[in-house]
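Just the one chain here, the form predicted alone, laid out as structure tokens.
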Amino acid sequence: MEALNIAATKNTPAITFDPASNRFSVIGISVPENASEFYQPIIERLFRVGDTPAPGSVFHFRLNYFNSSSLKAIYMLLSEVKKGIDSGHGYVIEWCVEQDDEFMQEAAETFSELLGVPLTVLPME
């Protein structure tokens, strides 16, 4: 699988996937006008049949904020990660939260409940 590097903009997060370290990251602010248009090609590239992240890959989310359009797109991305977990790939989802950020804490809990997968909540550095 090839590396993926998308630079952050004022409306979109930085997206990286390093196959050497099996680490996928979404970092920044996610408020694109059309979140599906932004995230769908990433989902399709990461989860192509026969070319998915290696077992044990870590999916790391460090978002300062996301809008309602991004909520659905992030859910779709996490749904694909869940499929890998259900298939025995041992994927790990990390969700970073700033201290006292109730919105992001609740987002982590909601995603975990809706998907039925554990999210490791980490303090934001």
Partner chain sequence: MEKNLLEYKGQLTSEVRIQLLDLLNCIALFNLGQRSDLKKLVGIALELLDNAQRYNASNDVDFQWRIQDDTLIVSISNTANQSDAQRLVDCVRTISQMNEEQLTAAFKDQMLNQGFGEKGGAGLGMLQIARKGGRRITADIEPASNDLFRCTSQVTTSLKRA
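A quick note: this is a predicted structure, and the numbers were derived from the prediction, not measured. Positions refer to the first chain, counted from 1.
Beyond the structure shown, there is the form predicted in complex with the partner chain, which is absent from this document and is the topic of what follows.
Contact annotation for the candidate site: 71, 98 and 103 all lie close to the partner chain in the predicted complex (heavy atom within 4.5 Å). For residue 47, no non-hydrogen atom is located within 4.5 Å of the partner chain in the predicted complex, even though that partner is not displayed. The shortest heavy atom separation between residue 84 and the partner chain in the predicted complex exceeds 4.5 Å. At a distance threshold of 4.5 angstroms between non-hydrogen atoms, residue 29 is in contact with the partner chain in the predicted complex.
When the partner chain is considered in the predicted complex, residue 33 lines it closely, a heavy atom lying within 4.5 Å. For the stretch 1 to 30, the set of residues having any non-hydrogen atom within 4.5 angstroms of the partner chain in the predicted complex comprises 10, 11, 29, in sequence order.
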